[in-house]
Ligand SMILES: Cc1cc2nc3c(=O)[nH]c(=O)nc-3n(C[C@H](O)[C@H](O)[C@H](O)COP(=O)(O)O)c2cc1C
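The form predicted alone is given below as one chain in structure tokens.
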């Protein structure tokens, strides 16, 4: 069956067949008319690379160092909430593969497994992504739990002052915590395998946070977090407080402005994460890759930059690296692979991405991923 998957789009189609309609849409959709999501991919596709000849590229090195850690690949798994909703056991599969491939897994505040269990399964190859919610107490509790669990990197997602409407979710009646109604029952009835596996694994829910209605969570969550809550009070003062509270690596995610990137550097964060949330927040946003070079210019040549949004291939990873990123994160593709063929699909996708990356490096005359640079871009066509 794996021979049928030759691209991320193949995995996407496979996931669409196996997932209930509303679950697939929750994964695949974006804000508004989804223009930003499409632009992310189109802008990456439009980048041209300069091939070279007669360079000895027989041996090619894909490992790199980022945030004081050696990783076997120059890319990792972006934070995604409620992964077990998209395919049962997704959190465990992602954590296991991060351990096996020595790659980082960013664990979402909205994960459907506890942040403690995920970093343990990942053998430390995990970063914690923080949504600062309505409750300062909950935010502090999450930060303390991450520290006690052994996380060495904290990612503050800063581009969700309010949750943008996603029209597919509204049309499908999708919400978190997940509820069942007649429409959902009819949709799920057409996907019995997904339903059976989900029931056997337990109804997914964001276990690291408690809802105002549910009270404190058994794993240490504090009542008061709502996915739809406004986070407009999170500002630079909060970032300064978080910097004082967190003694390890601190990253700010969702940066699309060179000015904001410079301010983040001045605030003492250890890396800036360039992203437009995969097009799931501001529909009028430019493609994230279009801002990456400008942000690289703003922060200088040596400052650590992460990148995500629209990457769908090993070639896309290369394009992000030559455009100024030090490390690349992918989100949806990993859940497409799990949805299409479970953990086997996930492993196959990782092999495919690494192989594509290596082949493109050979075409560019590059035998070490750390040698990828802006000179490999074709900019004057």
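Positions refer to the first chain, counted from 1. If you're wondering where the values come from, they're calculated on a predicted model, not measured in any experiment.
This protein has a second form, the form predicted together with the ligand, left out of what is shown; the following refers to that one.
Enquirer: Non-hydrogen atoms within 4.5 angstroms of the ligand in the predicted complex: do 101, 313 and 348 all have one?
Expert: Not a single residue of the candidate spot has a heavy atom within 4.5 Å of the ligand in the predicted complex.
Enquirer: With the partner left out here, check for me: in the predicted complex, does some heavy atom of residue 339 sit within 4.5 Å of the ligand?
Expert: Residue 339: no, not in contact with the ligand in the predicted complex.
Enquirer: Any chance residue 208 has a heavy atom within 4.5 Å of the ligand in the predicted complex?
Expert: Residue 208: no, not in contact with the ligand in the predicted complex.
Enquirer: Is residue 112 close to the ligand in the predicted complex, meaning a heavy atom pair under 4.5 Å apart or at it?
Expert: Answer no; every heavy atom of residue 112 is more than 4.5 Å from the ligand in the predicted complex.
Enquirer: Though only this chain appears here, would residue 324 touch the ligand in the predicted complex if you measure heavy atom gaps against 4.5 Å?
Expert: Close contact is absent here: in the predicted complex, residue 324 is far from the ligand, nothing within 4.5 Å, heavy atoms only.
Enquirer: In the predicted complex, which of 275-283, 236-244, 291-299, 262-270 comes within 4.5 Å of the ligand (heavy atoms)?
Expert: Flagged stretch: 275-283.
Enquirer: Please tell me which of 353, 330, 31, 318 lies within 4.5 Å of the ligand in the predicted complex, judged by heavy atoms.
Expert: Among 353, 330, 31, 318, a heavy atom within 4.5 Å of the ligand in the predicted complex occurs only for 330.
Enquirer: Quick one: from 47, 27, 67, 62, grab the residue that has a heavy atom within 4.5 Å of the ligand in the predicted complex.
Expert: Spelling it out, the residue with a heavy atom inside the cut-off is 27.
Enquirer: Would you mind checking 139-167 for residues with a heavy atom within 4.5 Å of the ligand in the predicted complex?
Expert: The stretch touches the partner through 157 alone.
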